[in-house]
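In C-alpha coordinates, one chain follows: the form predicted alone.
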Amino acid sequence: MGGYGIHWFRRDLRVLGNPALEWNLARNGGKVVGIFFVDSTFLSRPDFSPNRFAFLLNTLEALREELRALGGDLLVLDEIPKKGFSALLTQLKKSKKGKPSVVSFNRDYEPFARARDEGVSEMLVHGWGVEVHTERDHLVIEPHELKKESGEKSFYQVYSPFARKWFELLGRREIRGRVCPAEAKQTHFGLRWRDLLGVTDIYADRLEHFRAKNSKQVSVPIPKAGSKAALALLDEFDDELDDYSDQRDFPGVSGTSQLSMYLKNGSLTSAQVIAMLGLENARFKAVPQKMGATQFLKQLVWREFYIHILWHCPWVENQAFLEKYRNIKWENREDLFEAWKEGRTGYPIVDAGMRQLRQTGWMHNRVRMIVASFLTKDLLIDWRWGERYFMEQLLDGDLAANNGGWQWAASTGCDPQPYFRIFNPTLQSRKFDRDGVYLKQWLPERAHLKGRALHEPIEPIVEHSSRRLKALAMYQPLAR
(Lines give C-alpha, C1' and ligand atoms only; values in the text may rest on other atoms or scores of the structure.)
Protein backbone atom coordinates (compact mmCIF):
# COMPACT_ATOMS: atom_id res chain seq x y z
CA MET A 1 0.00 0.00 0.00
CA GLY A 2 1.25 3.48 -0.77
CA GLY A 3 4.20 3.52 -3.11
CA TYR A 4 3.05 6.72 -4.78
CA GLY A 5 2.69 10.39 -3.95
CA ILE A 6 0.36 13.31 -4.51
CA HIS A 7 1.69 16.78 -5.23
CA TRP A 8 -0.65 19.56 -4.18
CA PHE A 9 -0.21 22.41 -6.66
CA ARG A 10 -1.02 25.93 -5.46
CA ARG A 11 1.14 28.86 -6.62
CA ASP A 12 3.80 26.64 -8.19
CA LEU A 13 2.08 25.84 -11.47
CA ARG A 14 4.98 24.35 -13.39
CA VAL A 15 7.05 21.18 -13.60
CA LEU A 16 10.56 22.58 -14.09
CA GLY A 17 12.38 23.72 -11.00
CA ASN A 18 9.55 22.69 -8.66
CA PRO A 19 11.35 21.61 -5.44
CA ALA A 20 8.56 19.74 -3.65
CA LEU A 21 7.44 18.00 -6.84
CA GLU A 22 11.00 16.97 -7.66
CA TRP A 23 11.44 15.55 -4.15
CA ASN A 24 8.22 13.54 -4.49
CA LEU A 25 9.20 12.19 -7.89
CA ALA A 26 12.56 11.05 -6.58
CA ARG A 27 10.98 9.51 -3.49
CA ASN A 28 8.38 7.54 -5.45
CA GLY A 29 10.22 6.71 -8.64
CA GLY A 30 8.07 9.01 -10.73
CA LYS A 31 4.77 7.68 -9.41
CA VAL A 32 3.24 11.04 -8.53
CA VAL A 33 -0.03 12.68 -9.51
CA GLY A 34 -0.94 16.33 -9.18
CA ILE A 35 -4.01 17.92 -7.63
CA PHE A 36 -5.41 21.43 -7.46
CA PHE A 37 -8.37 22.53 -5.36
CA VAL A 38 -10.52 25.45 -6.46
CA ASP A 39 -11.32 26.74 -2.98
CA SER A 40 -14.81 28.21 -2.58
CA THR A 41 -13.50 30.64 0.03
CA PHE A 42 -11.16 32.00 -2.64
CA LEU A 43 -14.01 32.43 -5.10
CA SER A 44 -16.09 34.31 -2.53
CA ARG A 45 -13.44 36.87 -1.57
CA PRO A 46 -14.59 40.48 -2.07
CA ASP A 47 -11.54 41.16 -4.23
CA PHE A 48 -12.05 38.11 -6.48
CA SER A 49 -11.16 38.80 -10.12
CA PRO A 50 -12.83 36.81 -12.95
CA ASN A 51 -10.03 37.97 -15.25
CA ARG A 52 -7.26 36.73 -12.96
CA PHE A 53 -9.22 33.52 -12.38
CA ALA A 54 -9.38 33.01 -16.16
CA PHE A 55 -5.61 33.35 -16.36
CA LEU A 56 -5.26 30.85 -13.50
CA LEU A 57 -7.56 28.35 -15.22
CA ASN A 58 -5.61 28.68 -18.47
CA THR A 59 -2.43 28.14 -16.49
CA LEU A 60 -3.88 24.97 -14.99
CA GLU A 61 -4.81 23.76 -18.46
CA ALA A 62 -1.25 24.39 -19.67
CA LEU A 63 0.13 22.59 -16.62
CA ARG A 64 -2.11 19.58 -17.17
CA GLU A 65 -1.02 19.34 -20.80
CA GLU A 66 2.61 19.49 -19.68
CA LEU A 67 2.09 16.81 -17.04
CA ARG A 68 0.22 14.47 -19.38
CA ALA A 69 2.92 14.82 -22.03
CA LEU A 70 5.34 13.53 -19.39
CA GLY A 71 3.10 10.65 -18.34
CA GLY A 72 1.56 12.44 -15.36
CA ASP A 73 -1.78 14.04 -14.63
CA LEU A 74 -3.56 16.88 -12.86
CA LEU A 75 -6.95 16.65 -11.18
CA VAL A 76 -8.83 19.90 -10.55
CA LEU A 77 -11.51 19.61 -7.89
CA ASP A 78 -14.24 21.98 -6.81
CA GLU A 79 -13.61 21.72 -3.08
CA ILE A 80 -11.89 23.32 -0.13
CA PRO A 81 -8.58 21.45 0.41
CA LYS A 82 -9.21 19.95 3.83
CA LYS A 83 -12.59 18.51 2.91
CA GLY A 84 -11.38 17.59 -0.55
CA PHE A 85 -8.38 15.62 0.68
CA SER A 86 -10.53 13.77 3.22
CA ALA A 87 -13.06 12.69 0.60
CA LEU A 88 -10.36 11.80 -1.90
CA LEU A 89 -8.36 9.72 0.59
CA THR A 90 -11.51 7.88 1.57
CA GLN A 91 -11.94 6.86 -2.06
CA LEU A 92 -8.26 6.06 -2.56
CA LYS A 93 -8.18 3.86 0.52
CA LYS A 94 -10.65 1.57 -1.24
CA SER A 95 -8.58 1.40 -4.44
CA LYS A 96 -6.02 -1.25 -5.33
CA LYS A 97 -3.09 1.05 -4.68
CA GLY A 98 -4.48 2.37 -1.42
CA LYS A 99 -3.76 5.78 0.02
CA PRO A 100 -0.58 7.69 -0.96
CA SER A 101 2.55 7.54 1.14
CA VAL A 102 3.14 11.28 0.97
CA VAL A 103 1.58 14.59 -0.04
CA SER A 104 4.05 17.27 -1.08
CA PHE A 105 3.56 21.00 -1.55
CA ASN A 106 5.59 24.19 -1.69
CA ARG A 107 5.18 26.67 1.13
CA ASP A 108 2.99 29.77 0.97
CA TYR A 109 3.26 32.77 3.26
CA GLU A 110 -0.07 34.59 3.21
CA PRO A 111 -2.16 34.49 6.41
CA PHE A 112 -5.01 32.50 4.84
CA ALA A 113 -2.61 30.04 3.23
CA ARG A 114 -0.62 29.46 6.41
CA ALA A 115 -3.77 28.62 8.39
CA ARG A 116 -5.04 26.40 5.57
CA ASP A 117 -1.77 24.50 5.25
CA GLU A 118 -1.50 23.94 8.98
CA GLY A 119 -5.01 22.47 9.11
CA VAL A 120 -4.51 20.24 6.07
CA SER A 121 -1.14 18.99 7.31
CA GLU A 122 -2.58 18.16 10.72
CA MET A 123 -5.37 16.18 9.12
CA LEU A 124 -3.12 14.29 6.70
CA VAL A 125 -0.48 13.33 9.26
CA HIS A 126 -2.56 12.63 12.34
CA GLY A 127 -5.89 11.79 10.73
CA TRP A 128 -4.71 9.67 7.82
CA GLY A 129 -1.12 8.74 8.60
CA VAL A 130 0.10 10.30 5.37
CA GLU A 131 3.48 12.02 5.38
CA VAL A 132 3.61 15.69 4.42
CA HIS A 133 6.69 17.16 2.77
CA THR A 134 7.11 20.88 2.04
CA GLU A 135 9.77 22.95 0.31
CA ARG A 136 10.64 26.61 -0.23
CA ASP A 137 9.71 27.74 -3.71
CA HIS A 138 8.51 31.21 -4.72
CA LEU A 139 10.84 32.94 -2.27
CA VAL A 140 14.59 32.76 -2.68
CA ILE A 141 15.07 33.59 1.01
CA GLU A 142 12.37 32.80 3.56
CA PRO A 143 11.37 35.06 6.49
CA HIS A 144 13.10 32.97 9.13
CA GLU A 145 16.37 33.20 7.19
CA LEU A 146 16.60 36.99 6.96
CA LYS A 147 16.48 38.79 10.27
CA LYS A 148 18.27 41.55 12.09
CA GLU A 149 21.13 40.53 14.34
CA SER A 150 19.78 42.64 17.20
CA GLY A 151 17.08 45.14 18.06
CA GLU A 152 13.53 45.19 19.34
CA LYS A 153 12.16 44.02 15.99
CA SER A 154 13.90 40.98 14.57
CA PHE A 155 12.79 41.69 11.02
CA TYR A 156 13.60 44.55 8.67
CA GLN A 157 10.93 47.22 8.24
CA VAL A 158 12.91 49.32 5.76
CA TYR A 159 13.66 48.11 2.26
CA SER A 160 17.29 49.25 1.80
CA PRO A 161 18.83 47.36 4.77
CA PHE A 162 16.60 44.39 3.93
CA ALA A 163 17.89 44.41 0.36
CA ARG A 164 21.53 44.77 1.43
CA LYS A 165 21.15 41.72 3.67
CA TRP A 166 19.29 39.85 0.92
CA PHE A 167 22.09 40.50 -1.59
CA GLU A 168 24.63 39.41 1.02
CA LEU A 169 22.80 36.14 1.64
CA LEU A 170 22.51 35.47 -2.09
CA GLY A 171 26.30 35.24 -2.15
CA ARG A 172 26.29 32.31 0.28
CA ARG A 173 26.66 28.85 -1.18
CA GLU A 174 23.57 27.34 0.44
CA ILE A 175 21.37 30.18 -0.85
CA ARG A 176 22.94 30.38 -4.29
CA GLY A 177 22.28 26.68 -4.71
CA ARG A 178 18.58 27.49 -4.85
CA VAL A 179 19.03 29.55 -8.00
CA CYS A 180 18.20 26.93 -10.57
CA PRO A 181 18.39 27.32 -14.34
CA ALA A 182 15.11 26.95 -16.21
CA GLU A 183 16.43 24.09 -18.30
CA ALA A 184 14.46 21.11 -19.51
CA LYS A 185 15.09 17.96 -17.52
CA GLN A 186 14.25 14.35 -18.25
CA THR A 187 11.24 14.27 -15.95
CA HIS A 188 8.99 11.22 -16.20
CA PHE A 189 5.80 10.40 -14.36
CA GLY A 190 4.54 6.86 -14.04
CA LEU A 191 1.00 7.39 -12.78
CA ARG A 192 -2.30 8.95 -13.80
CA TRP A 193 -5.48 9.50 -11.88
CA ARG A 194 -7.35 6.86 -13.90
CA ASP A 195 -4.85 4.32 -12.54
CA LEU A 196 -6.01 5.19 -9.04
CA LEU A 197 -9.69 6.04 -9.38
CA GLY A 198 -10.78 4.56 -12.67
CA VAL A 199 -13.66 6.39 -14.31
CA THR A 200 -15.93 7.95 -11.72
CA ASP A 201 -18.29 10.90 -11.84
CA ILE A 202 -17.57 11.68 -8.18
CA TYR A 203 -14.05 12.82 -9.01
CA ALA A 204 -14.68 14.19 -12.47
CA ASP A 205 -12.27 16.99 -13.25
CA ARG A 206 -13.90 20.43 -12.89
CA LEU A 207 -11.49 22.55 -14.90
CA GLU A 208 -13.65 22.84 -18.00
CA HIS A 209 -16.71 23.55 -15.86
CA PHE A 210 -14.98 26.52 -14.29
CA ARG A 211 -13.58 27.74 -17.61
CA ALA A 212 -17.03 27.73 -19.23
CA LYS A 213 -18.74 29.36 -16.26
CA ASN A 214 -16.10 32.05 -15.72
CA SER A 215 -15.64 32.94 -19.40
CA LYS A 216 -18.88 34.96 -19.39
CA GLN A 217 -17.38 37.38 -16.84
CA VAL A 218 -13.97 37.91 -18.49
CA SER A 219 -13.56 41.51 -19.64
CA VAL A 220 -9.92 41.72 -20.84
CA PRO A 221 -7.72 39.77 -23.27
CA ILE A 222 -6.07 36.92 -21.39
CA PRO A 223 -2.34 36.49 -22.20
CA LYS A 224 -0.80 33.15 -23.02
CA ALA A 225 -0.50 31.11 -19.85
CA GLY A 226 1.81 28.45 -18.47
CA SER A 227 5.50 27.94 -17.90
CA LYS A 228 6.38 27.84 -21.60
CA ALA A 229 4.78 31.24 -22.15
CA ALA A 230 6.55 32.59 -19.07
CA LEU A 231 9.96 31.35 -20.20
CA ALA A 232 9.42 32.77 -23.69
CA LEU A 233 8.61 36.19 -22.23
CA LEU A 234 11.64 35.97 -19.96
CA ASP A 235 13.81 35.17 -22.96
CA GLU A 236 12.51 38.29 -24.74
CA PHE A 237 13.20 40.44 -21.71
CA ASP A 238 16.77 39.14 -21.52
CA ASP A 239 17.54 41.20 -24.64
CA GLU A 240 16.17 44.35 -22.96
CA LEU A 241 17.77 43.92 -19.54
CA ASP A 242 20.69 46.32 -20.15
CA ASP A 243 18.22 49.14 -20.80
CA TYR A 244 15.97 48.35 -17.86
CA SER A 245 17.36 50.98 -15.51
CA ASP A 246 16.89 53.72 -18.12
CA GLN A 247 13.50 52.61 -19.45
CA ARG A 248 11.53 51.14 -16.55
CA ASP A 249 9.89 54.41 -15.41
CA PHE A 250 8.49 55.38 -18.80
CA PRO A 251 5.06 53.87 -19.50
CA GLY A 252 5.17 54.77 -23.18
CA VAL A 253 7.94 52.28 -23.91
CA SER A 254 8.22 48.54 -23.37
CA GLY A 255 10.79 48.81 -20.61
CA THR A 256 9.52 46.37 -17.98
CA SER A 257 9.45 42.58 -17.93
CA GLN A 258 5.67 42.12 -17.39
CA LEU A 259 6.53 38.81 -15.71
CA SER A 260 4.55 39.60 -12.57
CA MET A 261 1.45 37.56 -13.46
CA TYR A 262 3.64 34.50 -14.05
CA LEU A 263 5.51 35.02 -10.80
CA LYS A 264 2.16 35.34 -9.04
CA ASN A 265 0.98 31.83 -9.91
CA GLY A 266 4.37 30.16 -10.05
CA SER A 267 4.66 29.50 -13.76
CA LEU A 268 8.05 31.06 -13.11
CA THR A 269 10.00 31.81 -9.94
CA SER A 270 12.45 34.49 -8.91
CA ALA A 271 15.13 31.80 -8.62
CA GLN A 272 14.62 30.82 -12.25
CA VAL A 273 14.65 34.45 -13.36
CA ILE A 274 17.91 35.08 -11.51
CA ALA A 275 19.51 32.02 -13.10
CA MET A 276 18.33 32.67 -16.65
CA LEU A 277 19.29 36.35 -16.59
CA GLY A 278 22.59 35.66 -14.82
CA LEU A 279 21.76 37.89 -11.85
CA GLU A 280 23.34 35.77 -9.14
CA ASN A 281 26.48 37.91 -9.14
CA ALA A 282 24.65 41.24 -8.96
CA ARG A 283 25.61 43.54 -6.10
CA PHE A 284 23.47 45.98 -4.15
CA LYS A 285 25.69 48.83 -5.35
CA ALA A 286 26.13 48.14 -9.02
CA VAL A 287 28.77 49.38 -11.40
CA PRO A 288 27.24 51.40 -14.28
CA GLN A 289 27.43 48.62 -16.86
CA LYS A 290 25.50 46.31 -14.54
CA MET A 291 22.89 48.85 -13.47
CA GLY A 292 20.04 47.32 -15.46
CA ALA A 293 20.57 43.86 -13.99
CA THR A 294 20.88 45.18 -10.45
CA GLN A 295 17.82 47.42 -10.70
CA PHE A 296 15.72 44.56 -12.00
CA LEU A 297 16.93 42.23 -9.25
CA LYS A 298 16.02 44.90 -6.71
CA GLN A 299 12.45 44.80 -8.02
CA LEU A 300 12.36 41.06 -7.33
CA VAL A 301 13.69 41.79 -3.84
CA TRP A 302 10.83 44.28 -3.30
CA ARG A 303 8.44 41.36 -3.87
CA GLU A 304 10.24 39.30 -1.26
CA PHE A 305 10.35 42.26 1.15
CA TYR A 306 6.59 42.66 1.09
CA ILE A 307 6.04 38.91 1.52
CA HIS A 308 8.32 38.99 4.56
CA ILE A 309 6.36 41.93 5.99
CA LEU A 310 3.07 40.10 5.48
CA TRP A 311 4.49 36.98 7.13
CA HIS A 312 5.73 38.88 10.19
CA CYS A 313 2.73 41.25 10.34
CA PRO A 314 -0.32 39.43 8.92
CA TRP A 315 -2.61 42.18 10.19
CA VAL A 316 -1.37 44.56 7.46
CA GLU A 317 -3.83 42.78 5.17
CA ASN A 318 -6.59 44.79 6.84
CA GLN A 319 -5.00 47.78 8.53
CA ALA A 320 -2.15 50.25 8.31
CA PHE A 321 1.32 49.00 9.18
CA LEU A 322 2.01 52.28 10.99
CA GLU A 323 -0.26 52.43 14.00
CA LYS A 324 -0.28 56.23 14.05
CA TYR A 325 -2.12 56.29 10.71
CA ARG A 326 -4.85 53.78 11.54
CA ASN A 327 -7.35 56.50 12.43
CA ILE A 328 -7.02 58.80 9.44
CA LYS A 329 -10.31 60.56 8.74
CA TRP A 330 -10.67 59.73 5.07
CA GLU A 331 -13.35 61.58 3.10
CA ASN A 332 -14.28 58.46 1.10
CA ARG A 333 -16.60 60.11 -1.42
CA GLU A 334 -18.22 57.46 -3.58
CA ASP A 335 -18.65 59.80 -6.55
CA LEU A 336 -14.94 60.62 -6.64
CA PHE A 337 -14.04 56.95 -6.27
CA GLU A 338 -16.24 56.02 -9.24
CA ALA A 339 -14.69 58.77 -11.34
CA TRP A 340 -11.22 57.48 -10.44
CA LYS A 341 -12.14 53.89 -11.34
CA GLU A 342 -13.61 54.91 -14.68
CA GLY A 343 -10.78 57.24 -15.66
CA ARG A 344 -12.86 60.44 -15.41
CA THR A 345 -10.71 62.50 -13.05
CA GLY A 346 -9.67 65.02 -15.68
CA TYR A 347 -5.97 64.35 -15.01
CA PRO A 348 -4.59 62.68 -18.17
CA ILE A 349 -1.97 60.40 -16.62
CA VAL A 350 -4.42 59.16 -13.99
CA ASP A 351 -7.21 58.56 -16.48
CA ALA A 352 -4.86 56.83 -18.93
CA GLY A 353 -3.67 54.47 -16.21
CA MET A 354 -7.16 53.60 -15.06
CA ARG A 355 -8.26 52.92 -18.62
CA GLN A 356 -5.24 50.71 -19.20
CA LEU A 357 -6.12 48.76 -16.08
CA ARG A 358 -9.76 48.29 -17.03
CA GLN A 359 -9.02 47.33 -20.63
CA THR A 360 -5.99 45.07 -20.10
CA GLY A 361 -5.89 43.95 -16.45
CA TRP A 362 -2.42 45.46 -16.08
CA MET A 363 -0.88 48.87 -15.40
CA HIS A 364 2.65 50.19 -15.64
CA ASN A 365 4.32 50.38 -12.22
CA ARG A 366 5.12 54.11 -12.39
CA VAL A 367 1.50 54.83 -13.23
CA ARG A 368 0.34 52.57 -10.39
CA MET A 369 2.20 54.85 -7.99
CA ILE A 370 0.70 57.96 -9.57
CA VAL A 371 -2.92 56.77 -9.47
CA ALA A 372 -2.49 55.44 -5.92
CA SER A 373 -1.10 58.76 -4.74
CA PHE A 374 -3.96 60.56 -6.47
CA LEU A 375 -6.62 58.42 -4.80
CA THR A 376 -5.21 58.78 -1.31
CA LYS A 377 -3.65 62.26 -1.35
CA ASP A 378 -5.87 64.15 -3.83
CA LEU A 379 -9.21 62.41 -3.42
CA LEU A 380 -8.55 61.56 0.25
CA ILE A 381 -9.95 58.06 -0.12
CA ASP A 382 -8.89 55.13 2.05
CA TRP A 383 -6.05 53.16 0.46
CA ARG A 384 -7.98 49.95 1.14
CA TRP A 385 -10.59 50.99 -1.41
CA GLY A 386 -7.92 51.28 -4.07
CA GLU A 387 -6.15 48.14 -2.97
CA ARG A 388 -9.35 46.12 -3.27
CA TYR A 389 -10.18 47.57 -6.67
CA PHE A 390 -6.73 46.76 -7.98
CA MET A 391 -7.12 43.17 -6.81
CA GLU A 392 -10.46 43.00 -8.62
CA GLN A 393 -8.82 44.13 -11.87
CA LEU A 394 -5.18 43.05 -11.96
CA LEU A 395 -4.11 39.87 -13.72
CA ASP A 396 -1.00 39.99 -11.54
CA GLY A 397 -2.89 40.86 -8.34
CA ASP A 398 -0.80 39.53 -5.44
CA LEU A 399 -1.77 40.27 -1.84
CA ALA A 400 1.68 41.11 -0.45
CA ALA A 401 2.93 43.25 -3.35
CA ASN A 402 -0.40 45.02 -3.86
CA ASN A 403 -0.84 45.73 -0.16
CA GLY A 404 2.75 46.91 0.20
CA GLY A 405 2.51 49.18 -2.82
CA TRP A 406 -0.73 50.79 -1.71
CA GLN A 407 0.47 51.36 1.84
CA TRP A 408 3.69 52.84 0.46
CA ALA A 409 1.72 55.32 -1.65
CA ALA A 410 -0.63 56.16 1.22
CA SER A 411 2.32 56.64 3.62
CA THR A 412 0.79 54.13 6.05
CA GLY A 413 3.11 51.18 5.44
CA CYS A 414 6.65 50.06 6.17
CA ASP A 415 9.32 52.25 4.59
CA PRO A 416 6.58 54.49 3.14
CA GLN A 417 6.60 57.48 0.87
CA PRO A 418 6.68 60.34 3.43
CA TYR A 419 3.21 61.82 3.82
CA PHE A 420 4.41 65.26 2.71
CA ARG A 421 5.74 63.98 -0.63
CA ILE A 422 2.66 64.07 -2.79
CA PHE A 423 2.85 63.33 -6.50
CA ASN A 424 1.73 66.15 -8.76
CA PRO A 425 0.04 64.16 -11.56
CA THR A 426 0.69 66.83 -14.18
CA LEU A 427 4.40 67.04 -13.42
CA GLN A 428 4.66 63.25 -13.28
CA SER A 429 3.06 63.07 -16.72
CA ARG A 430 5.47 65.60 -18.21
CA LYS A 431 8.48 63.87 -16.67
CA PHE A 432 7.71 60.26 -17.55
CA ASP A 433 5.63 60.63 -20.73
CA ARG A 434 7.04 63.81 -22.20
CA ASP A 435 5.90 63.16 -25.76
CA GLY A 436 2.56 61.77 -24.66
CA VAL A 437 3.02 58.32 -26.21
CA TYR A 438 1.26 56.65 -23.28
CA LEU A 439 -1.43 59.34 -22.99
CA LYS A 440 -2.30 59.18 -26.68
CA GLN A 441 -2.58 55.40 -26.56
CA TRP A 442 -5.17 55.36 -23.78
CA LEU A 443 -6.72 58.81 -24.28
CA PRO A 444 -7.03 59.05 -28.09
CA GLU A 445 -9.36 62.04 -27.71
CA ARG A 446 -6.31 64.06 -26.60
CA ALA A 447 -4.10 62.99 -29.50
CA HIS A 448 -4.51 66.37 -31.22
CA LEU A 449 -2.93 68.21 -28.28
CA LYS A 450 0.76 69.02 -28.15
CA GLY A 451 3.38 70.09 -25.64
CA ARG A 452 2.27 71.12 -22.16
CA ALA A 453 -1.39 71.18 -23.18
CA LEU A 454 -1.33 67.42 -23.60
CA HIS A 455 -0.56 66.96 -19.91
CA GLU A 456 -2.80 69.64 -18.43
CA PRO A 457 -6.03 68.57 -16.72
CA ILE A 458 -9.35 69.31 -18.37
CA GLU A 459 -12.35 69.82 -16.10
CA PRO A 460 -10.61 68.10 -13.16
CA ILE A 461 -12.83 66.71 -10.40
CA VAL A 462 -10.52 68.27 -7.77
CA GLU A 463 -7.83 70.94 -7.80
CA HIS A 464 -4.45 69.41 -6.96
CA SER A 465 -2.83 72.24 -5.01
CA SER A 466 -5.77 72.74 -2.65
CA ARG A 467 -6.22 69.00 -2.11
CA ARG A 468 -2.52 68.69 -1.40
CA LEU A 469 -2.86 71.18 1.44
CA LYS A 470 -5.88 69.33 2.75
CA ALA A 471 -3.96 66.02 2.70
CA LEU A 472 -1.09 67.59 4.62
CA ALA A 473 -3.51 68.89 7.23
CA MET A 474 -5.05 65.41 7.48
CA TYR A 475 -1.74 63.61 8.03
CA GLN A 476 0.28 66.15 9.97
CA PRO A 477 -1.43 65.87 13.39
CA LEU A 478 -0.98 62.09 13.30
CA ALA A 479 2.61 62.15 12.10
CA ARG A 480 4.03 63.57 15.32
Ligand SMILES: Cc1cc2nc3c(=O)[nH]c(=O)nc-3n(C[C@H](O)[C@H](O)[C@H](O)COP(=O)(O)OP(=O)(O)OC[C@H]3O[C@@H](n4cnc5c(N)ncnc54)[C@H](O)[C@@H]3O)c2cc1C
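In this text the structure is predicted, and so the values were computed from the model without any measurement. Start at 1 with the first residue shown and count on from there.
Same protein, other form: the form predicted together with this ligand, not shown, and the subject of what follows.
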### Task
Report the residue, out of 166, 306, 325, 85, that has at least one non-hydrogen atom within 4.5 angstroms of this ligand in the predicted complex.
306
#### Entry: Single option in 109, 189, 156, 244 placed near this ligand in the predicted complex, where near means a heavy atom within 4.5 Å
244
### Query
With the partner removed from view, which of 397-405, 341-349, 67-75, 190-198 is the stretch that lies within 4.5 Å of this ligand in the predicted complex, judged by heavy atom distances?
397-405
### Task
Although this ligand is absent from this view, report whether residue 362 comes within 4.5 Å of it in the predicted complex, heavy atoms only.
yes
### Task
Answer with yes or no whether residue 368 is in contact with this ligand in the predicted complex, where contact means some heavy atom within 4.5 Å.
yes
### Message
in the predicted complex, does residue 354 come within 4.5 Å of this ligand, counting heavy atoms only?
### Response
no
### 4.5 Å heavy atom contact, residue 330 to this ligand in the predicted complex
no
### Message
Within 4.5 Å of this ligand in the predicted complex, counting any non-hydrogen atom, which residues from 233-258 show up?
### Response
244, 256, 257, 258
